[in-house]
Each structure stands twice: as C-alpha cells, then as structure tokens.
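Here you'll find one protein chain in two forms, each presented separately as structure tokens under the names structure 1 and structure 2.
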Structure 1
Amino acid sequence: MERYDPLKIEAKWQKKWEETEAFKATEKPNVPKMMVAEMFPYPSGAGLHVGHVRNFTIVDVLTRFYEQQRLNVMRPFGYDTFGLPAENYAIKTGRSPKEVTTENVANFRKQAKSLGYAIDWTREINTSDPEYYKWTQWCFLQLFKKGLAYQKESYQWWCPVDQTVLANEQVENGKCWRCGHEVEKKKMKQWFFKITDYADELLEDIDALDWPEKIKTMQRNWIGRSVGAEIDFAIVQDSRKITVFTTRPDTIKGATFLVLAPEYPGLDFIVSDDAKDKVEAYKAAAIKKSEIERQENKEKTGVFTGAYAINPATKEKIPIWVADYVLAGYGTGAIMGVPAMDDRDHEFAEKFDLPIVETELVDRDAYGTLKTTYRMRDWLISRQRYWGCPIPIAYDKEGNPHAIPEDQLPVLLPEIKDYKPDKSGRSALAKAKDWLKVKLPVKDPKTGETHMEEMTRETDTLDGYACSSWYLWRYASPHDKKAAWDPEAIKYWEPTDVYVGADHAVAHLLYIRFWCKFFADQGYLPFREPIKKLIYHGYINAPDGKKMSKSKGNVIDPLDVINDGYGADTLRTYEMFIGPVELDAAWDPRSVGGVYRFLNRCWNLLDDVVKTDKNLVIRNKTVKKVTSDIYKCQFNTAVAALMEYVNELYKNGATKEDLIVLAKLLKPFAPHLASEMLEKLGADDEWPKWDEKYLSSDTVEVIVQVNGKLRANLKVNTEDLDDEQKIIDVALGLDKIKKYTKDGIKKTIFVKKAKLLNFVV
C-alpha cells in the first residue's frame, strides 16, 4: 500500500464533503439535535492563527462525535466583522472597510475549509452584511420601544487619536488599549441598554448553568450585588444631607469620617472655600484614572473638603473627605469610614491620621433604609465609528429621538471616502450630508394627524457586542427575510447545546444572556438561557511560554504546519493533545512531529491485517475511555488512549475489527485519515459501543476501613480509582459500612496507591 500522504488524502475528502454538502443541517423532528458553535472570530488580515485552530477544532471534535452517534448536528460559522481594526486600517490606507473585510472573510473561509471542519456553509453569517445588521437594528428598536434603550449624558473615556469612546477595560494605565495614546474624560450624550433591569435574574440563574466555575464566579463578581442600607448624615451648618450606602449599617457607631467619590453630585456645594482649589486639583487627577485602576491602587489618596457631617448614632462631628477609591457609580457615591472594621478605611485613616475607634454593633435597621446595589452598570452601546451598525434613530429639530420605522430597515451605511471622525467627536457618518437627512412620519398630539418631518440621523454606531448578542439565533434561519429568526427553527435548534471560546468571559456572555431574557419576555424566544454548556479553553503560547504576537515574531501560522507536509489532521490532533483544554499550553514543534508519526502508524496498520483477535479487552477499554473523555472534554487523554491502543495493536497484530474501531475513534480528531481508512475497510463511521463483559476482569479491590479497622472489601473498575467521590459513595451504600457511619463521619481518607479507604467516625 502507498505511504501516508496527508495532503493528497485531505484534498480528496475536502472536495468530496464540499460537493455532497456533507454537513448541511436540516430539521429532523424525530431525531435528537445538537447545536455546537464557537464564539465567532474577527477576520483579521493576518488570517487564522493557532488559537483559532484550537477553538474551531474543539467544536469540530464534538460535532463529528455527535454525528457519529447519529444525532442531528448543526455546526454553523460566522464572522464578527464590524469594529475599530477595519476602520483604523481604512483611515491609514484609504481602502473601504467593506472591501477589506470581504477579502479577509474569503481568506478565513478558505483556511477553515483547509482544516476539514464539518461546517454547514449554507448557514454562514457576517455581522456587516446589511441582511444581518437589518435585524440587529430591529433588535435595538424592540429594546427602544420598551424603554431599555435610552440616552443619557455621562463622562466617558475618550481617545483623541481613535476619536471614540472606550470602555473601562479598554483603558490601560490611563492610555488607549489600541493606540497607546493618553485618554481623557469627555461628557457626552450616549446610548445605553438597561441591562441592570435584569441584574437579579442574571445573577440568580448563574448557579444552574453548566459552565466552568471560574466563568460563573467572574459573572457574579461583575454583577456585584450588595445588600445593605442607606443612611443619612446631616451636613454641619447646612440644611442638606449626605446619603451613604453601606453593607454594614450595624457598625455606624464606629464611623469617624465620610468619603465621597470625586464625581459625587453636589460636591462643589459641600467643599469649603479654603479647600476648593485642592479638591478641584484632586478631581482633575482622579478623572484620568479608570475605575479598575482606582479599585486596584494600593496607595490611598484623598483630600479633606473642609466640611463636616453629624454621625446620627453618636451625634459626633466627623470630617468629609474626597477619595478616588470610592466610585460614583457604586451605591450613592458616598461611604462612611469605619476604620476599625474595614481594611480600606483603616489604611485611609492611618494615612491621614483620622480616628480609629472600637465600636459596639447596633441593630442593622436602626438608622438605615434597606437597599440593594450593583457593581454592574447599564451597557454603553454608542460608538463614534463609521464601521459599525448604524443606530436606527433620527432626531427632530428639538433633539428628540425617533425610531426609524421597521419597514425602512436596514439603515444602510453610506459609501464615503474619508473615514476619520470629525473634530466634534462625531463619527465619519456626520460627513455624509445626504445620508444624514431623512423624513419620518410624526403624529400631531393635538389633531392626531400624521405629517412628514425632516430629521437628522444618529451618527453613532452600535458597539460590536450588540451584533454578537443574537447571532446564535440567526444561525437557526440565516436567510430569513421576514424575521430576525424563525420561531419554528428556534424551537428545534435552540438553545445552543455547546458553546466554545477563550475570550469574553464577562461582557459578551452577560449581554447574550440579557438579550435572551428580554426577547423571551417579548414572546420571541421559548427559553431564558441561550447556552446549555460552555467550554472555555486556554491559549496556545509560543514555545518559550510567552504570548504569541506579531511584534515579537513568534506567531505560528497553522497553514505553515499543514503545508510543511504534516497536514491538517496532524495539526488538529496535536492541538487536542497539547494539554487539558482549560489550560494554556506552549507550542512544541517536536510534539507536532510525534503526532504525525502516530497518524503514520495508524495508516501503516492497514498493511498487515491479522485474523486472530487478541485485543478484545484493550479494544473495549479504549472505546469506553475515548467516549468518556470526549464527553468530559478531556481531549488530550482521549488521544493518549488512542496512542496506547495503537501500541497494543502493533504488539498483538490488528484485526479488521480493531482497525475499524481505531478509525471510528480517530475520526473526530483526524477526519480525513479516518475517512480514508474506513473507506478502505468498507465500514461506516457510526460510533462504536463497548461490551462491559470484556472489562470485568479489569477490576481491583479497595479495602474499606472505619477508624482503621477492616469492615468491607469493594471491587471497582481500575479506571474508577481516579474517581475518589464515586468510590466513597459506593462504599457508603454498603450495609456493612452504613451501621458504623450512621452517627456521622469526621474525616475521609482515600489512598489510591494502597487501594485503601478509611472513614474516621
């Protein structure tokens, strides 16, 4: 037989899959479905990198695994194409973002196909396609109708170079995360989505999610619900008061000072004349720091306002300070300093020589109105960019916003030549004079008659997260011209069964959950959580463990690996073998070669098929192990089990049945090679089953003790030795053990090597 030629085999099968539309998904009412997707990528000009390959291959392994079990699987694909990189490139080169994006998408599609992914290309979507963003605009209008899309003036981070608003997490050490220029604060009228209306439900539903615990914790912390009380402190020689929020109202007797955020409303009226200059200088410095910097800064700073308040519990006069560790958006923007009970307050009091007094606790309800606050803020969605989804709003002469009628959607991006924002801070759309003007129907409140009125379009575009907050539902009916998604298709395909990514642990996942709950409330979705299972994987770093970046010149191009003769199957299998899916891993060129040799060994087994079956136990054991590991997303150990299986086949000789099982188990990882092997063996690809009777000999005996005395012997499968809790549960179910442990267990000791379990009672 000819030698293993991955490039030849892969070209053959990729052509066959494309010609037969092998992965096209259709609704099959009587077949259980699985919808598997990745967080869709931004298609940069650099093309795919090895991080994309890890992300996409995890999805593909699961897709093929479920298909081989004869489930009805949909694996779609899409591109997150709006955003600042394409706009910056347009400003630099003068090339249209649309033109550049079209090229990048075509390149991504070609590269993804070269990796043999089981994608239903008929469901491909692109957020900058008017047929897509028409429905993003429709989503905006539904929120606007219900008052959940609204405008307000607020201070925002502003990059004078990129001429756009930045989120807190995009400001690093007072500089723009992208261009590195120093940012400033600018008061602007912005659009927000009222995600805080759903804060409680978003928080309470986290517990039931089948998501990694670290992601659930990050979401809980981001929402940051605090239950406490509001307490009024009268200002000395003034009729006004300061309302503070505290989670410990019972410590009020220990409050020896108040601290206000630099942005506290009415601060100017509180500050004494002598302190005004110092406070103004402090405010100017604080406004340049991000909230993240202010919270993480270990050195406390502050300035005395010259004013005092009365502690309602002690009737003592206490000083009022301003400090940037207090945030205007948290609670009321004012806190009471209780240095004897709070570490931050203690540091502040020590630095500025403020009183620290031990205090007796009082009734929590004595001085405060019970209140719940949240760390999470409403979602700022305005962006001063050209290359984004136009906000479907226009303004009348008085500046009042009006929704663009749904039958006039999409509001198309106009073709322009100068992509730079204007000096006022508005996006380049403000330069499209003809596009700006629109006539909309307006009803006269007195007569009830409708007339057409000329208005001016909104020049901000939507944050890219809006485009990615609903795309999973568009996959169900990507070509629907009548609705954002077809209700019947949604009922069949959604919610998404498995979602895979390595970024956006908080923002994107919170936003998509928020939109899901909102559209469920409007009757558009029959579920309230969009994603059943989340897989969050680690990054692939350079061989020295450092993060890959173009500037460091250490980026691994996946196409180089393929074209060097290793092929896509080697790359795919290596990236699943590189380490536990949830951990970062360093690229190792030697291991790539090792995986290539493993696939060669699989292929070469076809040369010498034997008839005597010596592999019943290892074959059944491998089927069970690989099946279990894929379900648990332990792909590295699944590949390791296949390598061990191949070693045994070389020792004992491989029967046709051995090779059919090998090819079937290999297919999720190396689909081209496996398909070629199955074709030569004349077999289908249905996932194999194991027979427990061939595994029964693979058992061990665990000694079960109570207080060091032998009380029972427990037989378990060898692989179950890794599952300590399972062994404990089985042992506690034994009658011999129940009678000795009925009064409770103080400690449980399991020694795997000694196969010993001891309950201390």
Structure 2
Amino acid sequence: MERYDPLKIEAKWQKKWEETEAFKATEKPNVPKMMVAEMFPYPSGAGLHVGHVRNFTIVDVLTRFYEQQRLNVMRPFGYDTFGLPAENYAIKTGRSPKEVTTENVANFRKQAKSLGYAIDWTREINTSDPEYYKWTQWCFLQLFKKGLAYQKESYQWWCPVDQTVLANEQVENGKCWRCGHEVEKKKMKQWFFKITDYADELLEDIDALDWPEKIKTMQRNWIGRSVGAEIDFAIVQDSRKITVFTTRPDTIKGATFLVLAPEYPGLDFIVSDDAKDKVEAYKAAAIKKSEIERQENKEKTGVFTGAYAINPATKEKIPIWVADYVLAGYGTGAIMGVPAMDDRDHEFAEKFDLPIVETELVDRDAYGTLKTTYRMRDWLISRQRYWGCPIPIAYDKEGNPHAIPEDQLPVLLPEIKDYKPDKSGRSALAKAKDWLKVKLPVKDPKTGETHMEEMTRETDTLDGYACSSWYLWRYASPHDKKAAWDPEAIKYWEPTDVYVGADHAVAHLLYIRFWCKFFADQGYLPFREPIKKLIYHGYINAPDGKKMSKSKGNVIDPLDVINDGYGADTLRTYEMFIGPVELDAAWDPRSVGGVYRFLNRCWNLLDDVVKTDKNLVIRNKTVKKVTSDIYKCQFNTAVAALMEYVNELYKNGATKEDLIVLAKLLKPFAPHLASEMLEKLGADDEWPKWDEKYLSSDTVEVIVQVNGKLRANLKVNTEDLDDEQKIIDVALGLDKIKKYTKDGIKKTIFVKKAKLLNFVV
C-alpha cells in the first residue's frame, strides 16, 4: 500500500473539518456538555512556540476524547491581545499596535489550524476588538456602581522602563514581570478593584476545587489570612494612640518597644524634632526597597523616633522606633516588639540594645479586639499605557469620576501617532485632544434636574488581566450584541469543565474567581467558581534542559517539525509523550523521530489484516489503560500503552477489530492519521469499551513456601488459580522446590485468596 504521507493526509482532513464546520458547538439540552479551554495565548510576533503546542494539544486531546464519548464538547479559542509587547514593538517600528496585533492574530490562527485542533472557529474572541472590550468596560462599570472599582492615592510599584505602574502580582522579586527591570515606588492616584471584599470566600472555596495542590497552596498563601488582635498603645504626652496588629496578644507583657513602618500614616507627628532628619533619611531609603527585600533575613535597620508609648499591660514607658521590617500594607503597619518571643524582634533588640524581658503570658483576649488581616491587597488596575482597554470614566471640573453611560460604550481607543507615555506618568491618550473631551449628563442632587457637563476622559487603561477575567463566559455567546454573555448559554456551557495552563497561578486564576463571585452576587452568573478542573502543565525546555530563549539561540520552532515532513500528528503525539504533564521536559529530537516511526508502524499495519484474533487480552487492556490515563491526564503513559499495543499487533498479526480500536484510541493524539485509518477501515470514531472479563485472564503471582519459608514465586494465569493441582504440579517441577522436597512431603496447603502454596516436609 501507499506509504504514510502525513502532509497529504493532514491537508485533506483539515480541509474537510473546515468545510463541514466539524467542531461547531451548539447547545443540546439533553446531552451532557464539556467546556474545555486553554489559557488563551498572547499572540506575539514570534508565532507559536513549543509551549503553546503542549498547552493546546492537551486541550485538544481532551476535546476529542470527550467528543468520541459523544458528549457535547465546546473547545473555543481566543487571543489576549492588549498589552505592552505589541505597544513596545509598535513604538520601535513606527507601526500601530492594532496593525501589528491583527497580523499576529492571523498568523496564530493559521498556525493553530495547521495543527488540526478541534476548535470551534465561530467562537473566536480577541480582547482588543471593540466588540469585546465594550463588555470589558461594562464589567468595569458594574464593579464601579457597587463601589468595587475605586480610586486611591498611594505608593505604587512603578517600572521606569515600561513607564507604568504594576500590580503586586506583577512584581517578581522586586523586578518588573515583563522587562525584568528593578521597580520603584511612586505616589499616584490609581484605580483599584476591591478584591479584598471577597478574601474570605476566595480562601474558603479553594478547598473544594479540583486543582493541583501546588496552585491551591499558592493562592492560600497569597490571600494570607491571619487571625490576631489589635491593641492600642497610648503615646506619651500625646492624645493619639498607636494600634498594633499581633497574632500573639498573650505576649504583651514582654513588649519592650513599638515599631512603625516607614510609611506609617501620621509618623511625622510622632517624631520628635531632633529625630526628624534621621527619620526622613531612613524613610527615603526604605521606600525604594521592595517588600521582599524588606522581609529578607538581612541585618535589621531602624531609627528611634524620640517618642514613647505606654505598654497597657505593664504600664511601662517603651520607645517607638521606625524600621522597614514592618510593612505598611499589613495589619496596621505597627507592631509591638516582643524580643523574648519573636525572632525578628529579638534581632532588632540586640542590634539596638533594647530590653529583652521574659515574662508570663496573659489571657489572649485581655487587651485586644479580635481582628483578622490578609496579605492580599486590592487589585491595582490602572495602566499608564495606550494599548489597553480604555477605562470608561470621565472627570468633572472638581475631578470627580463619572461613569460613561452604558449606551455610549464602547469608549473606543482613538487612533494616534505617538504611543509613548510621557514622563508625567500619563498614557499617550493624554495627547488625543479631541478624544479627551466628552459631554455627560449630570443630575443636580438638589433639583433633580439633568444638565450636560463637559468632562475629561480617564487616560489610564485597564490592566490586561481585567480583559481575561471574564473571557471564558464570553465563549458561551461570543457575538452577543445585547449582553456580555447570554444567561441561557451560560447556564448550559459554564462553568468551564477543564482549564489548561502553565502560568498565572495567583494573578489570573485569582482574579477570575473574584469576578465570578462578584457577578454571581449581581445575579449575572449561576455559579460561584469559574473553573472545575485545572490542569497546570510544565514547560518544555531546550534539549540541554535550559530554558529556550531567543538570545541563547536554542528555540525550537514547532512548525519546523511539521514542515520537515514529520507532520502535525507527530508533533502533537510527541509533545504528549514528552513526560508527565505537570513536569518540565527537555526537547529530544531523537524521540520526535521515534514517534514518527511509531505512527508509520500504525499506518503500515493496514497492509496486512489477519483473521485470527490473538489480541483479545492486550486489546482490552489497552482500551482500559488509555481511557483511564486520559482521565488522569497521564498522556505520556497513554501513548506508551499504544506503542506497546502496536508491538503486540506486529507479533501476533492485527485483525480489523484490532486496527479499529488502535485508530480510535490514537485519534485524540494523532487525529489526521486516525481519521484516515478509520475511513479506510469503514468505522466510526466512537470511543471503544473494554470487557473486564478478558482482563482477569492476566497472570498473577503465587508464593511458594517450604515449611513456611519463601522459596519461589510462580507466575500463573488468573483463571488457573482455580486449578489447584495444576499449580502444585508446576511448583513441584521447579528446581528450587525440588531441592527442599526431595525427602518427601508431609502436607500441602494451598490458600487461593492469599495466592500462597506451602509444602510441609
């Protein structure tokens, strides 16, 4: 027969799938649904990389697996297109971010199609499309209406290279998550989402999620709930007090000093005149450090404020210090120093010669009001960059924010020439003079009358994570003109059954849970958790185990594998075979060749179909193994089981039934080849079943003892366990047993249940 020609077969099936809209998903009320999606990609100019292929192929294997089980599957696709890379590229090349993005999206689409994914292409979304971001703006306004989108002046992480603020979740080890440059602190008025309102629910609902433990732990730590007490300390010769947060109110008698964070509000009023300069200098230095640096176990620093407080338990006068190991945003930004009990306080006391006093513990609630605090802060969403979703807000002359009326959405991103932000910290939108002005209706609170007032639009754009906090729901009705999502479609398709990604453990995956709870509270969603099962997969590294990067020149282009003649099926199957899904893996070119040979072997089996069925056991075993492996996301062992099956078929000869089963099991991994095989065999692709009765004819091990001592292990067919005499005869034939029984046997005991045979001599 003809040889395996992947490029020909793949072109044929891709065309067929496209023409028949084979993966178009429609609601079927009586058929159980499966909604499977990847964390949608950011379409960079470089095109698909091997990591995308791993990500998309996992989703595709599940999509096809469920489809072959005749569930109603939806596998949509989208692009996360707003953000800095497109804008920076545009600045560098003088092209518009929109133009660049459109090109990148077209390329991604083409590449994804060449991999034969079972995508419903009618459900394609793009976050920078006005049709989409109109509804991102609508979401923002719902949060604004409920007071969960608000403005606050505070110190923010500022990336001097990207010239924009960053959320806490986007600062990694004191560096910008995008460009890696050290971040700074800058005082600015910014927009926030009040995620902290949902801290308790976000924490408590983690337990029930079918997500990897690693991610669940990261989220718990990020939220960081801590139960303790707030205790007031009076300041000496001052009417004010300092409130500290402590998880150990019972140690209060040992508190020999207070420590305030350098950013502590009102610190200036506490500091005595002669300490002012020193404290100012200390503050200026501390503000530049990241929280991580400040919590590192370095030598403690600090300055005395010159002021004292009274310990309410001992009535002693204790000094008030400023030190950067106390963080401004946590608890109250003030602590009681208990050096006899707390390591950090102990170090601090040693360094500055403060008293260390061992005392008895007091009742936990004697001085304190019970208080719960969280590490998680509100989510900073303002970005001073052009290429993002405009925040639908305008300011009146007094600077009060007003919502753009919903019927005026979307607030379109205006076309401009120069995308660079300016040094003032405003985005390039500040230069779009015509766009900035807008007339909005304002109701007079006294007369109730409405008049039009000229206002100035917000020039910050939304953090891209806002765009991706609701896109899974958009998939249910991607072209809806009346609503962000259609309630009926949502009820059928969502929540997402399986979500696959390799990043965003605390940022995206926490934000989307927050929005879900918020929109459930507003009656827009009938569920409170957006993602049932999460698969978090590892990265693919270069053959030497190092991270692939352009600068190291070790990037593997997945499309080269296809174009080298191996085809998409080899690429897909190889990336599933590369190792356990949750682990990083190194690319191995030889193994790519091995997978290609395996697919060739599958194909060549069609040449010689035999009549006698010798594969009943292995066939049933393989169906069971591949099925359960896919359920457990153990794709590598599923492929290995198929390879073993093919080896057996070569040994014993393959019947038509053997080949149909092979093609069906292979289809999630190598859908083109499998479809071609099934067509030739005249079979459909319905997922095969196994019969347990053939599996039990596997072998089991019988322990053979002489006088209770283990002397041999005997492999017998499971069904032979019923034939006691046969087992005894085989055992007595073994040299090891002959040696001990040559003088005669007194008694023979066979215990079938324990698979144990004992000769007494």
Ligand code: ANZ
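Residue 1 is the first residue of structure 1, and the numbers go on in sequence order from there. On a predicted model such as this, the values are computed, not experimentally measured, just so you know. Rigid core here is just the name for the largest C-alpha set that superposes within 1.5 Å across the two forms.
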Name the structure that matches the description of the form predicted on its own.
1
Aligning on the core only, does the CA of residue 491 end up 2 angstroms or more away between structure 1 and structure 2?
no
Rigid-core frame, C-alpha of residue 256, shift of 2 angstroms or more between structure 1 and structure 2:
yes
Using the core for the fit, does the CA position of residue 39 change by 2 Å or more between structure 1 and structure 2?
no
Please report, in Å, how much the Cα atom of residue 353 moves between structure 1 and structure 2 when the rigid core is superposed.
4.1
Can you give the C-alpha shift of residue 712 between structure 1 and structure 2 in Å, rounded to one decimal, after superposing the rigid core?
19.5
